[in-house]
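One chain is shown next in structure tokens, namely the form predicted alone.
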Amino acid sequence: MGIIIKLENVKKFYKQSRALNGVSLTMDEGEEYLIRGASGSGKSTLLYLLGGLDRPSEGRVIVNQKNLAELSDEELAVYRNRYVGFVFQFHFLLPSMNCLDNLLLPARLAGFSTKVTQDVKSRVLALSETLNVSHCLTKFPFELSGGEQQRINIIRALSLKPKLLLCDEPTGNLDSENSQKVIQLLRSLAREFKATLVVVTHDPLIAESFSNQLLMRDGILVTN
């Protein structure tokens, strides 16, 4: 498999703080990676840079031979929509839309044809059955429990078959049974989509199942 992600001496500064202090790594297409480290070690910052949600202060983030820092804001928006799936601990669902409309929003923003949008709808309906949230689709986010909101969030991230799936504490609001179900689903669909899966978690049961582990400490990569 070819290398799709390469970070070259990436640094990120926020006023007086240094979130990343020179991270270099490569990630292979279709592989699974777990990022560990204490709070403030730079884990989430690394995910944001990979996903095009932020730009490095120094260094290069290269995805499929494109330097993300050189893309315009519009090009980054297309990259995030078409290429990346985000699963955050906080769901960021739009409160004015019911859950099904939230799930279909990425396809509509992408301007897909009616046929493709129907394919996406079929996919999210099937995923909602798998994660036991089909009863939530006509409800609004505020009517759901935290765990239900998180599962809807995960389905939305998977709706367009992303090639890069970035998960920041994806099971933080879930019980142990649903945590295992969600991780299994993320890994299974990442393999199906031939996606690169990157997970940040403090859950030791989840961490021990990943062979590719990256340890962050004080903004640097300690092991890979």
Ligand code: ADP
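Residue numbers here begin at 1 and follow the sequence given. Just so it is clear, the structure is predicted and the values come from calculations on it, not from any experiment.
What comes next is about the form predicted together with the ligand, which does not appear here.
Undergrad: Which residue among Thr26, Gln184, Ser39, Gln65 has a heavy atom within 4.5 angstroms of the ligand in the predicted complex?
TA: After the contact test, the surviving option is Ser39.
Undergrad: Quick one: of Thr45, Thr196, Ser159, Ser179, which gets a non-hydrogen atom within 4.5 angstroms of the ligand in the predicted complex?
TA: It is Thr45.
Undergrad: So in the predicted complex, is the ligand close enough to Ser211 to count as touching (4.5 Å, heavy atoms)?
TA: Outside the cut-off, so no.
Undergrad: Answer yes if any heavy atom of Ala19 is within 4.5 Å of a heavy atom of the ligand in the predicted complex; otherwise answer no.
TA: Ala19: yes, in contact with the ligand in the predicted complex.
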